[in-house]
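Form predicted alone, single chain, as structure tokens, below.
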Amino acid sequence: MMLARRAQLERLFELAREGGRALIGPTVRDGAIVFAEIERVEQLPIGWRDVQSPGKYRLERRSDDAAFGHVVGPNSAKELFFAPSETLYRAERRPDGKLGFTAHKPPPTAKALIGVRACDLAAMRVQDRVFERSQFRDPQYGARRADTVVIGVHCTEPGSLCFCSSMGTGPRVTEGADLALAERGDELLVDALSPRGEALLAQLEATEASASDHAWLDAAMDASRARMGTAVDVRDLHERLYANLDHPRFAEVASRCLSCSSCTSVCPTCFCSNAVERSDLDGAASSRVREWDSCFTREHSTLHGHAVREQTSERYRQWITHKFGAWVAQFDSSGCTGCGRCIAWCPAQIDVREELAALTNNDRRTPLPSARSCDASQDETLVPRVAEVVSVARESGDVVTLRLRAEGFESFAPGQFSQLSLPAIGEAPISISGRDGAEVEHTIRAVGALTDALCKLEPGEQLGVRGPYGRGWPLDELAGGPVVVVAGGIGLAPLREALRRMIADPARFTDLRLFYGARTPDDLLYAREMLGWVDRPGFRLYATVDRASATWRGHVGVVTRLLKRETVGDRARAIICGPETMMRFTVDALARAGVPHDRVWVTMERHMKCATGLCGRCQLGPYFVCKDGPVFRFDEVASLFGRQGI
């Protein structure tokens, strides 16, 4: 550690800006201390402090001219790297009628950050884990984050809402910065925390810090921890939260919560987003734009026309259990760094520290499953490839199967899905229902603007495709014993390729039974193909409909009525796809027939949006459905399955 005069800040500004870097630091603007581009030391909030309490924030003059005598304002470094709004790609229909997709690349903007608190440095590391060190890397985030000089500041004067000490993220800067400063009157204590920091420090006029200087900083950090506001008990916090999902406190806080999203807007770690289509006026081109979103909005939980979390209490539960619970399983850290912004900027004065204490005021624990470890990270630009429709097969009045020719599908696992898109209309996850040579099939029901347009495509037309994504059916674990396949309606589509592969391998799958239910005989999918399966050795088909026609000679009623011990067989394993209600009753029927939860797999493919886990919509406890699923062994999700608002 070195000791320098505060006058060296001007020299530090010069060094940080070398190479054309934009210098970002705290400054006073619009009645708050915010992070913005600055050029001179005089633009720092010299002589200002921010006074915060639940729902309140104001500036007041200090009795000295401290440059870093404040805490944190309404914004953070997040917006510098994870843009509030950005174009992902442009799509255009060319004069020859073909489609083209062009990725948007942000211009290089080298940055230097100064005055970053330990809690915000921890938030930057959390965002790095989300966007750069999970299964899918976001190259736009990576481009903005690269080659950033970071100068942190030890927090010697915490605010009343700070609880970084509880979260283990501060007040001392220990990592994530090149230099760490501590302001002591007209002096700066400077720590170099990286080789680049050492190079910067070598160019400052500084002397070696004494033992008393080290002791002063240690004492200042101890005093800072002692002056923080209400502490948060983080011991097994994620387990205690998930043991209280039905706590009445959620309804109580919802009576005050405005669902205004202020807390998530100011949070330095929240990453929920939405992608929207922006079409040119002539319809020849469009852009897909990603924008910040919030799990407090009803629209955020709306997937395929259905709002998963209708009530404010459900949305508050989703936020707090993810931030302090599921985040630990997904990213190996809490999603909260203890900065206190969500408390200060909540107009209803909701204090998350009080809510956590109320929600976990007992010794109940529910072990939270670990999220599945991801494969090696890979870049994901979210830009589609062009696919061509080879043929269209009408399966029923509102269902078609598109056979597509597209690169990237040389191999896929049964149960995986693709993202299909049409410019100016949108994008949706669609399960892969099969393949024919180099061509892949997707079976689609027309239920909205996009799926209706997809169902109207003709051979030779083009669309966008991404994938394959997700984890499929565990064929290796199914082999060797009776396999029960249960499908409801279009739920047969995600199971079709698994059935094909098992039927084609009778040595491993000697006893295969398909239980299939549809609304009417006309709604039975792949009827001609299923007739061909019936003659295969070891295969049995049980079909039922809700409403029979005059010529129907099969079963009538729900598919679960067919699941008896004598039809299921001993030591059976089961895979299921259909509406959640149907799957829940099917699991119960299978249990009565002797099939335990750890031998049952379900797909949650209805609960997906972006396919990469970066939009935040597909949260299911500790899982991102699109990355950790969509196929789950039922005992992994049993405690959350079918629960209202999860």
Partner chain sequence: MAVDPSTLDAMPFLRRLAADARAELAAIATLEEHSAGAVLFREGDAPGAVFLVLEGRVTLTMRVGQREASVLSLGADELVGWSSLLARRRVATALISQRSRLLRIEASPLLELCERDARVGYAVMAQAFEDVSDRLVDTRMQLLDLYGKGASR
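What you see is a predicted model, and the numbers here were worked out from it, not measured in a lab. Numbering follows the first chain given and starts at 1. Throughout, rigid core stands for the largest set of C-alpha atoms superposing within 1.5 Å between the two forms.
Only in words, not in the display: the form predicted in complex with the partner chain, which the text now covers.
Exactly one of the stretches 580 to 588, 62 to 70, 593 to 601, 39 to 47 approaches the partner chain in the predicted bound form with heavy atoms within 4.5 Å, and it is 580 to 588.
Listed residues Lys564, Arg571, Arg365, Arg536 were compared with the partner chain in the predicted bound form; Lys564 is the one with a heavy atom within 4.5 Å. This chain is drawn without the partner chain; in the predicted bound form, the residue among Arg405, Arg93, Arg353, His304 with a heavy atom within 4.5 Å of it is His304.
Proximity of Arg445 to the partner chain in the predicted bound form: non-hydrogen atoms within 4.5 Å are present. Taking non-hydrogen atoms only, Gly554 approaches the partner chain to within 4.5 angstroms in the predicted bound form. Residue contact check for Asp546: one or more of its heavy atoms lie within 4.5 Å of the partner chain in the predicted bound form. The partner chain is not shown here, and in the predicted bound form it never comes within 4.5 Å of any heavy atom of Val126. Residues of 481 to 504 lying near the partner chain in the predicted bound form, listed in sequence order, are Gly488, Gly489, Ile490, Pro494, the criterion being any heavy atom within 4.5 Å. Annotation for Arg606: C-alpha shift of 2 angstroms or more between the shown form and the other one, rigid core superposed. Note on Glu277 and His607: their C-alpha atoms are nearer in the predicted bound form, a change of at least 3 Å from this conformation. Distance between the C-alpha atoms of His607 and Glu299: shorter by at least 3 Å in the predicted bound form than in the displayed form.
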